[in-house]
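Below you will find one chain, with nothing else, as structure tokens; this is the form predicted alone, and questions on how it binds or moves follow later.
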């Protein structure tokens, strides 16, 4: 198995459950891929602030099977996209669809025209079964919505889920995520904010579990050629998988290498001022000079003194260089959050954080060639580049491999 990110770890766990002896090779010094621990001056930060939602059933089931306690690992709260002044949408803890209707009715800063527009648009999406033309963008399926609803709801959801603006993002994928999140039953739209670094979620737990099952895990190991005498599961990034398969499966390799990618930056700041926020996560108004979409109070999430005053400012679909991104986030913390005393800790930029989920995008499939499978959030599936997409892909790839090689005992 090549790659120890969330897809690779999910695949390794599932393959082990299905009876395979797993050997996992990871090029980096640690597991986790693009959702990993980054240590800075003794603080275990993350390479990006990943959020789960209640609809991410397979990820939550996997974490539970590895022994993680959800209440300890996450701060669970109903969907809240409000800014510091309370403007925006916050859903109450009610069954679907009453939570959405009540949240819309109580949305601060929205006129009745804004609220009725969202209700009408939601009903139209429901009547269409949350389906649309494959080449439609998110903006094109939001024609009934007002600019305020687009700014406070659609744009934040779109950029957080697909890491791309609504004018460029696939409406087909966005509507699927929206349907699963807002209309799939109790708790589906809840936000699950990690209380600890990402390494303490899947990477550490999966590594302990796999080692207990006798798996062989090797880090600092860059794979340059694929073996021909054993089934192989590629769980490495799309560009690396494309390089490894360009002779074995040129058509699959071409699809993987053709994927465009977008960046996410996380600017970590510290303030000695008290953070009196209504929620540990705030939506931030964006516009000229304001590039961060969300801010996280790491001290409130962790509940630990060493994290008090640490903020994470998240810039999805980041197009600026590191210094300009840092300065823009500092300005937002001053101007929008009212913080005067700020120290910059570090800025982490994941340059190829996600594939660009554009309309009509053709993604490579799970089966690469005879004896070779692939998984990752970029592989064809119902979700964009999310943790749930990665986990689902890993599980699917392991089960596909098992379907053909159940009689073998090495993966």
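Bear in mind that the values here come from a model prediction, so they are computed numbers and not experimental data. Positions refer to the first chain, counted from 1.
Separately, the form predicted together with a small molecule exists; it is not shown, and the next lines address it.
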Report task. Verify the contact flag for residue 211: yes if a non-hydrogen atom of it lies within 4.5 Å of a non-hydrogen atom of the small molecule in the predicted complex, no if not. Result -> no
Query raised in the report: Is there a non-hydrogen atom of residue 222 within 4.5 angstroms of a non-hydrogen atom of the small molecule in the predicted complex?
Result: yes
**Report entry** Contact flag, residue 402 vs the small molecule in the predicted complex, heavy atom cut 4.5 Å
**Finding:** no
Query - Heavy atom of residue 48 within 4.5 Å of the small molecule in the predicted complex - result: yes
Query - in the predicted complex, segment of 25-33, 339-347, 63-71, 364-372 with a heavy atom within 4.5 Å of the small molecule - result: 25-33
Query - Of 267, 201, 233, 236, the one that lies within 4.5 Å of the small molecule in the predicted complex (heavy atoms) - result: 236
Report task. Have a look at 91, 244, 312, 177 for me and say which one sits with a heavy atom within 4.5 Å of the small molecule in the predicted complex. Result -> 244
